[in-house]
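Listed next as structure tokens is one chain, alone, in the form predicted on its own.
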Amino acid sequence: MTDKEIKLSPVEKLKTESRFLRGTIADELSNELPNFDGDSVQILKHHGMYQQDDRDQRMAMRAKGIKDKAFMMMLRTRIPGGKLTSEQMLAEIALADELGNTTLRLTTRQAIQLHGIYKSDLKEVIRRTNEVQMSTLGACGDVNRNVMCCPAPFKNKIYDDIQAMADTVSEHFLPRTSAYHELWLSNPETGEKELVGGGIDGHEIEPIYGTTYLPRKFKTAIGLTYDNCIDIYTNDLGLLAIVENDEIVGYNVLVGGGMGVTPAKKTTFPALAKKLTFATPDEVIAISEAIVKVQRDFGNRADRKHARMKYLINEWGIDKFRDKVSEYYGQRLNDSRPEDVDGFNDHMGWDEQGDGKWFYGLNVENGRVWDNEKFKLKSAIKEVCETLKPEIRLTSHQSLLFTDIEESSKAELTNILKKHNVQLSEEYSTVRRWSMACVAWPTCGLAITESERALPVMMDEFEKELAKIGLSSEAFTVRMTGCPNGCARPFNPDIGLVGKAKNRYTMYLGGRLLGNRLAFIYKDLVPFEEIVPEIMKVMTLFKANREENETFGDFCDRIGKDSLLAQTDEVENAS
């Protein structure tokens, strides 16, 4: 169906008329208002930022009779594979302290978010970000976003190759428009405005995206069968490395993953990616581009709630989608290989790199890097970067790795963390270490309930209850989000908690740590204070009836929703 045959969503019109992501941003940057208008807000996402309203501050202002919104910007730095230097991390910390809300947020996609930035400070933040060879371009918006990759710094060809592939894919799908540099990095006194052309459909300026970019966000990840630490099945495009004789012979190409759901629209759903083809390393970029272009040309541009590639694949079926990708690629696609994910490593704690040096995985609860009355995590990271100068790797579990540590420096790193009262990864309970939450309230405009601030409170109770029945060391994933948009990937873990109404959550069970199975809705609208008691009923059944080496998610999937509900009711009635 062509654009002329459908009624495009308003965002499509905005992108088309934006002159390759320029819009009216330049004019609005020069006015004195604290916020951008609604049209610019949509275009700004492609530059790596969201306009937000701090609802805590807003309520405090209203208590004083001030009815304005507490406008601020969230800026996301794109970091392919989560790789950055100590210098770059120190630059991000400095920006948070000087121009943000003093905290950093490590994301579930190996990026960094700065919160609390005023509109008037945006140019300086972006300039300083680019001065240390990082960028926010393409971190958000209807383009291929931050490319994920296993961050482990093991010194062998397999890890070198997948991390190099992440850089290559990221660079290949970056927007080509010069608008980013014109708006944020040029000298307004000497810079001249560029005459904007675009050839046929804009493909001279944007050879892949054209004038309207993609119908919706597009997420890519590169992983290993024996270590699915980047949750490959939740991505639009996944490249699963197939290894033979310690060398990558190619990739199983997976398509159509995506977590977001709109509860009011029953035709929306979470999806895990499907196998499409096997690609040799030198075929990856061309096949990936064909996939992106099929989504560009056939993805839903009328309804953004159905615009992700998972809906196109659901509508067409994987065979028709494969045929169309083959057509765009120019030749028949190979059959997928049988290999699949069979392992998961969060890379926390000490590990040897293979070159005589070590890395340390530091668990960062829910990704928030800050100093508070209990610990000084931000100060500790700053001191490690200043003294030991490690490379930093961000994980998809919102944590970080300090890499290239000399064996003689291991004690020094540990002492720095302890000096600042930072809990070591090995001191975290298993359940807390394998948990994560999205930002949610107060800054995310989509949030219905608390998440980042609520999950630690829940974990305090959950840890105690698990200890009572002897399951403290049991490994399973718990993920909480403040809305069904799914930023913390709550639809495929052992336990998923999704904000549905004020202080109430939909409880999902039956996913798994490997990430290749969706969970099912166990109970809806569960009050926050009842979440742990509800989970513990199932945990008690699990302990009594599990099979040998069975995980919690596998147990729930085997027993099924109806039987679990019936059995927990029996336990409750008996007590």
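Just so you know, these numbers come straight off a predicted model, no measurement behind them. One rule holds for the numbers: they count along the sequence shown, beginning at 1.
Not pictured, yet referred to below: the form predicted together with siroheme.
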Requested in this report: Spot the stretch among 259 to 267, 237 to 245, 454 to 462, 417 to 425 with residues whose non-hydrogen atoms come within 4.5 Å of siroheme in the model of the complex.
Outcome: 259 to 267
Report summary line: Students should find that, of M165, V292, L95, A139, the residue having a non-hydrogen atom no more than 4.5 angstroms from siroheme in the model of the complex is A139
Requested in this report: Heavy atom within 4.5 Å of siroheme in the model of the complex: which of A179, V369, C487, L214 fits that? Just give me the one.
Outcome: C487
Requested in this report: Indicate whether I381 is a 4.5 Å heavy atom neighbour of siroheme in the model of the complex.
Outcome: no
Report task. Would you please decide whether V255 lies within 4.5 angstroms of siroheme in the model of the complex, comparing each non-hydrogen atom pair? Result -> no
Query raised in the report: Is there a heavy atom of I405 no more than 4.5 Å from a heavy atom of siroheme in the model of the complex?
Result: no
Query raised in the report: Is M148 a contact residue for siroheme in the model of the complex, using a 4.5 Å heavy atom cut-off?
Result: yes
Query raised in the report: Going by heavy atoms, what in 424 to 439 lies within 4.5 angstroms of siroheme in the model of the complex?
Result: A437, C438, V439
